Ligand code: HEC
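First comes one chain, alone, set out as structure tokens in the form predicted on its own.
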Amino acid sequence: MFKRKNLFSLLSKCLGFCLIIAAPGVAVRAGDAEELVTTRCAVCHTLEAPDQSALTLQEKVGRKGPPLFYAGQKYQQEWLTGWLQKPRRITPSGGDFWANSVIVTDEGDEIDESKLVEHIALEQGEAQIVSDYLMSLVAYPQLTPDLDYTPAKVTMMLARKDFRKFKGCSGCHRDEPDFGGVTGPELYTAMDRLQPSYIVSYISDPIAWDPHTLMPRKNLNEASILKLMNYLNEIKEPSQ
């Protein structure tokens, strides 16, 4: 672990968004990791766990990107390292709070493309250092106990109906690139992107992770959650 520096003193040193640029193939010193992450990530993402009891809905509305203070519990590092080099939009509406870029019409939700912002791309060396650091951020170890998950086959017709109709997941999420809601992150990449223990925990109690999440707590039992995970595993995109 790196010794934490004061976030505000670091930001005062890092006035620009891209002050630290590592050329391809040039290693960045390990001691620069926190400063690199702060410079590149803190502009849009929260890196330190807040006082959850003091969080307001307005804080969520104002987010530019999802919080990263539990990134080490949430993401698969291999995916994270690759995505940082070639970022693409995971949530069709772009931001953490859907209403910032979604227009509600009689025909359905429409995305205001002018309000979407492209994520910066990092060089390979930067991406590895940033992902190494982010994977050290574990704010809620009590929420993700060890999980021994073994994918099981599902009957796709029934599993799809369970996801879309019975559980109502497609109201916010997409299980195919062009089908489903636009306000939540796509789920056909979830099993490559997210740690299984995080998926189980978040579905079980999303409010424990974010008191103002729009994700409903459905009080699903373990068997129902695993059924959803098996479906997510079946629909994940083939490895390139």
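Numbering starts at 1 and follows the sequence shown. Computed from a prediction, not measured in an experiment: that's the story for all the values here.
Beyond the structure shown, there is the form predicted in complex with the ligand, which is absent from this document and is the topic of what follows.
Pick from 149 to 157, 136 to 144, 120 to 128, 101 to 109: which stretch has non-hydrogen atoms within 4.5 Å of the ligand in the predicted bound form?
-> The contacting stretch here is 120 to 128.
Is every one of 43, 60 and 83 within 4.5 Å of the ligand in the predicted bound form, counting heavy atoms?
-> Yes, each of 43, 60 and 83 comes within 4.5 Å of the ligand in the predicted bound form.
Does the 4.5 Å heavy atom contact test between residue 91 and the ligand in the predicted bound form come out positive?
-> It does: once the ligand is placed as it appears in the predicted bound form, residue 91 has a heavy atom within 4.5 Å of it.
Heavy atom of residue 188 within 4.5 Å of the ligand in the predicted bound form = No.
Touches the ligand in the predicted bound form: residue 197 (any heavy atom, 4.5 Å) = So residue 197 does not count as contacting the ligand.
Check whether residue 174 has any heavy atom within 4.5 Å of a heavy atom of the ligand in the predicted bound form, and answer yes or no.
-> It does not: once the ligand is placed as it appears in the predicted bound form, residue 174 has no heavy atom within 4.5 Å of it.
Partner contacts for 199 to 236, taking the ligand in the predicted bound form and a 4.5 Å heavy atom cut-off | In sequence order, 199, 202, 203, 210, 213, 214, 215, 216, 218, 220, 228 come within 4.5 Å of the partner.
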